[in-house]
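This document starts with one chain, in the form predicted on its own, laid out as structure tokens.
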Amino acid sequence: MFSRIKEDIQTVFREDPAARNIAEVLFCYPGLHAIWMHRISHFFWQHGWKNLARLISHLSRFLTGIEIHPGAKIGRRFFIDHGMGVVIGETTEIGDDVLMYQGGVLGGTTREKAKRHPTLKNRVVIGADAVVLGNIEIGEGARVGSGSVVVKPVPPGATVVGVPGRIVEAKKEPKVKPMLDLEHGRLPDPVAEAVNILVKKQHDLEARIKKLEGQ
């Protein structure tokens, strides 16, 4: 248990350059508190104490602003940066070394009592206010841009942006190291690209018309 706590603290220092000392991390990181409380609630959930598990989860949401259902399965070195407004549904599965920013939602799209929430493979990055819905898989090393809404599976190593989410960058092999370089200023804009293509075609047509009129 203590080794996992130490690992969690090291993860904060690795992923957040604002972390300065252990005391600050222990007392001022709600994402870390939410993960620790989730482990407790998940333990009780697995052992049949579901009401107690939900109560702990509810208390965690009140204290941290982060809602994680006790049934969610979360891997190691999961880090929630800032965290306010994060929602993680009951049948969500999260791999190792996953990073999630504030406002992110891993939600369901059906009322059936079955697997209805996303599965995130290792080293996935979920940007601020991004929404991933349904029983879909986000492949290893994939990145979801801020404000995106993803309702279809994402292949490993891909970058998805927009509403609905579109793949703007795809890599055949995900990086070995965590892909935490989700620099939104450098991400392509699929809508702007589509408009630019239309504008270029319009200019080409106008040039052809002028050429024909001049004959």
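The first residue of the sequence shown is number 1, and the count goes up from there. None of these values were measured; they are calculated from a predicted model.
We do not show the form predicted together with a small molecule, though everything after this point is about it.
Engineer: Taking the small molecule in the model of the complex as the reference, which of 116, 77, 82, 121 has a non-hydrogen atom within 4.5 Å?
Structural biologist: Flagged contact: 82.
Engineer: Mark residue 91 yes when one of its heavy atoms lies within 4.5 Å of a heavy atom of the small molecule in the model of the complex, and no otherwise.
Structural biologist: Answer no; every heavy atom of residue 91 is more than 4.5 Å from the small molecule in the model of the complex.
Engineer: With the partner left out of view, is residue 128 within 4.5 angstroms of the small molecule in the model of the complex by any non-hydrogen atom?
Structural biologist: So residue 128 counts as contacting the small molecule.
Engineer: Within 4.5 Å, heavy atoms only: does residue 41 come near the small molecule in the model of the complex?
Structural biologist: No - in the model of the complex, heavy atoms of residue 41 and the small molecule never come within 4.5 Å of each other.
Engineer: Can you work out whether residue 53 and the small molecule are in contact in the model of the complex, taking contact to mean some heavy atom pair no more than 4.5 Å apart?
Structural biologist: No, residue 53 is distant from the partner.
Engineer: Taking 4.5 angstroms as the heavy atom distance cut-off, pick the stretch from 108-116, 95-103, 133-141, 69-77 that is near the small molecule in the model of the complex.
Structural biologist: Of the options, only 95-103 has residues within 4.5 Å of the partner.
Engineer: Judged by heavy atoms and a 4.5 Å cut-off, are 30, 60 and 63 together in contact with the small molecule in the model of the complex?
Structural biologist: No: none of 30, 60 and 63 comes within 4.5 Å of the small molecule in the model of the complex.
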